[in-house]
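Here we start with a single chain on its own, the form predicted alone, put down as structure tokens.
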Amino acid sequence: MSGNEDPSDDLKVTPPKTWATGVPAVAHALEYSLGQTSPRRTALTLLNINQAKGIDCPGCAWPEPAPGKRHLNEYCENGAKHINDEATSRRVTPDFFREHSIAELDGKSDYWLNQQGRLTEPMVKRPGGTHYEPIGWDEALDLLAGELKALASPDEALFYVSGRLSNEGAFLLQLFARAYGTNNLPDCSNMCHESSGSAMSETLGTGKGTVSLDDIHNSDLIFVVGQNPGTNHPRMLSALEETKRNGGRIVAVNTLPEAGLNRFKHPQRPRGVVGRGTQIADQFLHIRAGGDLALFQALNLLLLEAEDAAPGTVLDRSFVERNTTGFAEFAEHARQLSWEHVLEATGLSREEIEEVHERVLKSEKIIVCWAMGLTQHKHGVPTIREIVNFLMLRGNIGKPGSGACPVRGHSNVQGDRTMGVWERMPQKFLDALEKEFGFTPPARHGLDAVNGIRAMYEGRAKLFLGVAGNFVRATPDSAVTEEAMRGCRLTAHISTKLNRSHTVCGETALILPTLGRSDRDFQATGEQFITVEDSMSEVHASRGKLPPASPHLLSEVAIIGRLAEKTLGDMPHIPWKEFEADYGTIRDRISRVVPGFEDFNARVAVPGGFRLPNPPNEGVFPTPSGKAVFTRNDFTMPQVPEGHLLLQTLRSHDQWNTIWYAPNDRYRGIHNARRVVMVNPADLDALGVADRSTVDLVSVWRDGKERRAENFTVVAYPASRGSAAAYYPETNVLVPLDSVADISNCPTSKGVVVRLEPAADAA
């Protein structure tokens, strides 16, 4: 498939796969990689990805085994695609922008834009301009700095970060933003795992998971809830395979059957090549969308009743009494649960839930893993709080082989937050910044992603700087987001590749091309490395191995530092040039500001790095009471009017975040098309909609505004009753900006009420 043409829309549907990975995954990874670059560069990236002295995969945040226990090929199909998509030999030069107007580029697909290759030089779209044109680095950064200084208030600027940014770059960006005078630091967590952080901070005093890879391997029972490891973090399947080899059991809870959670064929083991592989899930709960809160409330009720029947044998009374508060109130509330409501919300039978309960009673060490299938619902925060209740009842917090495991979907999204990229960092962090750098950071909370879009839309924010990512396509309510961005005085993106955010321009727009994770980074003191934090709080180094894609590229650290110097001058005195010359000097400052990073440079020099402290694992709960908190969570479930469905947006298998690499979803049996909506056959019969008919998806929201995604092909699929599934970013247009999770403000991309209308041109 050529990078200069879009694949034709020629839908082919085959039965969903019943297993994942194996030899086909290797073949697809190599096919894509070799289509992007040479065999030599492909070998160089793949032999170095996720190795102790190599390149941290720019894809997901799943941790690596300890050095010495890693495979020579310590990557998955999607990781191989992702790194070689970045390492592509294709280049976007100034000639390209002369040949293509911004309007023409805006009409191209996400696939086409990405396939053009690596950006090579800074570009500017000037007021009234129709094309990007070259601009020197000094002029570009002077222009951006000038606009920042001209704003009426620092709060008119937004500084957005995606999870690809390094710890060093993230620390500098938040330092710059706060020295400039704002806490407007939206990040990609706002769109995905914000509900996890909100729930866990309230209940455990930490927004991070409490488990390690060893805990996964040695758990008795693991719940995998609302996530698809086979596509979104395939290396998790090898960890779950180890769980099974050690005698553990796994319960999958999902609205869609997922191939990887059924059976896994490890491509580096004989059983995965010529054998049947490993059955992963011992039980699959085909739950209704949004029914997870009811499920865990039911499990908690059953545990309380089992303790009543056999006092002192079910609950971990010692843990509850020593380490928690609120148990009595929680228990009283839990006993009011109606089984009628549980069965309606979950779509499960009582027998299925009681079977899970029996598994729980037989397990001493339990882990619950989850992802956006939980967090992107209106009641995402109460659902995760109820999971914490479930874990605490039997003492499964702080015990080896047990714990809470939110699985992050992007390489350093957790590290960016640790480094201070959050609009609501605690005062203790701000005080540490003040002590280290001699200025008083603003205390007023800033804007997250949703509120940042609203501020741009209303004209209260006028400048947007994005570091990595594809903000326009990652966010909800696409039409509103695009109008908001186009209303800015200036939009600027620090990027490696072309994407839709570059075509949705403010009055002035800048493209600032940067080094990728796979590029070698030379500065004044020599070759540099960066660091990242994975989903389990392991911090380690990443070293690029390829020559930079262009001699005109700057690192993210250099771009941020030079911009800060041009904007702030000498006030306050922060040695931006020193930071650019030697990233170790940034790590020295981090070690004095961020808890857990003491002696950062020495500890990260050890192969494999180090793990950050996790207070709950030490029996410490940094909540106001000093104890973990049982919560009372009111029963709720999505309310869907008759004749409507609850839509969840999701990735295809050949996709990473907003960018797709091919129009296929191999494991689900969807080929050569993306504008498809998967619906249970019984729901299609009830709605009178024919399989393979063409429909428009129309979302229903209280503002009465029509949001429509046109010309989707209906595919009969074993989705849970009452739900539908379709790919983002094509369906982000349907997610209202105001439809957010309570408390966390996370867009409800897994809970969009839609109706299916015959497409206008179907006739």
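Sequential numbering from 1, following the sequence displayed. These figures come from a predicted structure and were not determined experimentally.
Just so you know, the form predicted in complex with a small molecule exists too; it's not on screen, but the next bit is about it.
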One stretch from 315-323, 191-199, 98-106, 445-453 that, in the predicted complex, holds residues within 4.5 Å of the small molecule by heavy atom: 191-199
The single option of F159, F223, W422, F471 touching the small molecule in the predicted complex, heavy atom within 4.5 Å: F471
Sole residue of G516, G561, P663, G415 within 4.5 Å of the small molecule in the predicted complex, by heavy atom: G516
Partner proximity in the predicted complex: K378 to the small molecule, non-hydrogen atom cutoff 4.5 Å: no
P186, heavy atom within 4.5 angstroms of the small molecule in the predicted complex: no
Partner proximity in the predicted complex: D292 to the small molecule, non-hydrogen atom cutoff 4.5 Å: yes
Non-hydrogen atom contact G409 with the small molecule in the predicted complex at 4.5 angstroms: yes
